[in-house]
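Following this are structure 1 and structure 2, which are two forms of one protein chain, each written alone as structure tokens.
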Structure 1
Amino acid sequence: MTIRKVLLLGLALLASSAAAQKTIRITGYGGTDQTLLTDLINRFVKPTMAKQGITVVYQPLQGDYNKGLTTLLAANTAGDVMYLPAETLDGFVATKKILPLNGLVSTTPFIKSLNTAFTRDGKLYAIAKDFNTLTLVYNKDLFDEAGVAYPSNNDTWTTLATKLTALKQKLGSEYYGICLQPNFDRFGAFAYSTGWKQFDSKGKTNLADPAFVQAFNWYTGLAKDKVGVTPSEVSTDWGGGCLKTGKVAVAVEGGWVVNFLRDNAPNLKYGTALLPKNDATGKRGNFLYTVGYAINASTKNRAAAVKVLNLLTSAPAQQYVLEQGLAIPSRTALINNAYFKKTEAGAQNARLVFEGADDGNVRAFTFGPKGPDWGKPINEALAAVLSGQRSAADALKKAQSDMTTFQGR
């Protein structure tokens, strides 16, 4: 063998060794996601990437994910692929450390509203890995006992309130129509139903907008005569806990409530309906709670990272996510999936969560560029009125003042 051939062989071996050592790191959540993603990666990502000499590892962040990811990005140690929550998207986009995906991945297979949730100024920053919306989850036994019709997909704010009031009157003081969480993450869906917008063209929030006031008055008005009850009044901290008591007929929750009820209230017979339509607009409002897969702008393995992202959101991977029952995958074609046609309560809930993604005024759950404290004035106003400490007018006046101060900083 000539010296030239020896050198060429050596270079080839070095190149092969480098390829074999290439690793794509995925930064994501800990907890239950860690187990699910590890299994998903082992099934649908690693086999394909291994054939190309690429290793894929999942690196979960425990604790506050947003803080953890912020630290990693600042130190240039974040994964090549990462979870990107829609609620904090604006802050991460501002760092310029998230790679725009335009021209790198196809958005066609995915629900349009989810693509919109991860788009800013025409640039797509993530592909939704899964999502949730809100539905009405109701206790069938309480409606049957009261002789009141179940909530339906045709209900308006008025007809739903009429049903809840009738149920309360029939069952008495120990029972309640609906669980009212004093938080924007539930109430906001009703505000969107009116056509209210979270931010105007200058990025400001108007809580004196008549559309917002209408929703605020309707939501807090359900507390009148205790038709509605806050979670704390029945010794819990969320809607699933309200249903578990057997004393509250309806909760506004997403698909995450299904496994909770299975494990904590196995004998509760429940059904699901879409959120009611605003009487004036004829539209529902809803949130998209979603997390996407994004790519680190500084990755040295861009092509491989794109391949991993595509495998993570492939049709087989999304079918797997659907069957795990933790969230609803983001491919449009899944509406025809056999799982959604099952009659069991969990599958019916999943179908309506899926349908909620593009029914009416649907917006991503987000805090905007200034972060989670954006919702604080609204939450405080809701709590003050639902607890009877302030009138709706006084609470909204204070909330707008606080919001103006917050956004002016």
Structure 2
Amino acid sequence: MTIRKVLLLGLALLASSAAAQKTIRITGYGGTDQTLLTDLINRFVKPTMAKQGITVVYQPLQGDYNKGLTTLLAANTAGDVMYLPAETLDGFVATKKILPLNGLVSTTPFIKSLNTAFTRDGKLYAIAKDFNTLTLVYNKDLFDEAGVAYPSNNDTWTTLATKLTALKQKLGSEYYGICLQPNFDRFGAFAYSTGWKQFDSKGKTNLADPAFVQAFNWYTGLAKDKVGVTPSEVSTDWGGGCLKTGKVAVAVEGGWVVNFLRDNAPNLKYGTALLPKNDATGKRGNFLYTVGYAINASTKNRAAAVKVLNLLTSAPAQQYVLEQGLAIPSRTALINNAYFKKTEAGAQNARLVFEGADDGNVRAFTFGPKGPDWGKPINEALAAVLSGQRSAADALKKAQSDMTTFQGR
């Protein structure tokens, strides 16, 4: 046998084995998700799929996920199943590379607002893998030391502000009441609480709306006398970091803060309360932060990909996600889960994050069809006012003009 024949035979063998062994790739986040998802796939997905001769691999993208996924989709090398963040859904739908799931997957077991978050023009593009909402996470020791009552689920904007001011006055200049991130990701929840709408019927954003102005003034007003502090002022970049310093009493964060505090501030005694209600509307506002599983429209194994998606969102897999404490699963049936009844701080937080999903004015966290740049005028206005560089009225005027320019493009 000549060398050429041996090579040809080898190639033929490789090709046939590749054909027999189908692989479904799942593209997702790196970091903590990588460990969790690999374990979840090994437990709940691989055994079933292996019986059908299909291997499943998790392909984590490190760094900026959205940019990474865009590149993979453009090059036709993205996974068969992939994470699809709700906030960037519109940009990805425009690529026509996301398979509409209507008729392929049953949506009934999942929370309705989550399905809505992934629907555009009647087409469902992903099934929520889990979600998060915002809560008030507070340092119990600081409230005890100041002799001020903990934030409660009945707090309104006014009562919460009173508590925070009292705490600041008792504890002095080294301590702060609340960590205020200068961006829409957190502030938006308070704006929704007033009944403000992100887009009007023409798709335009009105930052001069009295409801928005009211929320803006309340949020930035907390920075008066340093009751509220921006993360950068305590040398960190988010609310969890603020809590970790032990000098900030309250942070507005979701379930992700639980693992962070367990690892970075194991001695911090914390509690969780729902976000305060707006005095006038009597309602809370909140964000639904959610990431879904979507299917690549150009996958060669559509049926297998759908099976994998169903296994990833199956009840046992979701129970596992809940117990890992990373996020709250998206199945309605989990409401009565025993985990939510535990008294430990993490489980309490999880319960309130779950409750936050349908309490008051809850909206999916999204930037609309023009992408994340939509939030910039608001973020810049918040930063300018919180750092004392501009008056609220001045900053809002500039923000509205920037927003008009942005949306007019």
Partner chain sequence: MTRKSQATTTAYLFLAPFLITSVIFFFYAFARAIYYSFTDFNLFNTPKVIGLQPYLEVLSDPSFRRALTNSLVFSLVTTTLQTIFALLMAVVLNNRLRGMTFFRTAWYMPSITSSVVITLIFLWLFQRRGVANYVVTQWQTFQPLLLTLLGVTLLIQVVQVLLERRAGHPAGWFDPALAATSVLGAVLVTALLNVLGVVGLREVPPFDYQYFADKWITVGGARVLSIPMLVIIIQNTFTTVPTLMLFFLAGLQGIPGSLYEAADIDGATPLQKLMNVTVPQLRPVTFYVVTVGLIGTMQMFDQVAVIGSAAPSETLITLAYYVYTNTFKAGAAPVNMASAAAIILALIILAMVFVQRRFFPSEVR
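Start at 1 and count along the sequence of structure 1; that gives the residue numbers used here. In this text, all values refer to a predicted model and were calculated from it rather than measured experimentally.
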{"property": "Identity of the form predicted in complex with the partner chain among structures 1 and 2", "result": "2"}
{"property": "One rigid part holds both T165 and L309 between structure 1 and structure 2", "result": "no"}
{"property": "Rotational displacement of the minor rigid part between structure 1 and structure 2 [degrees]", "result": "10"}
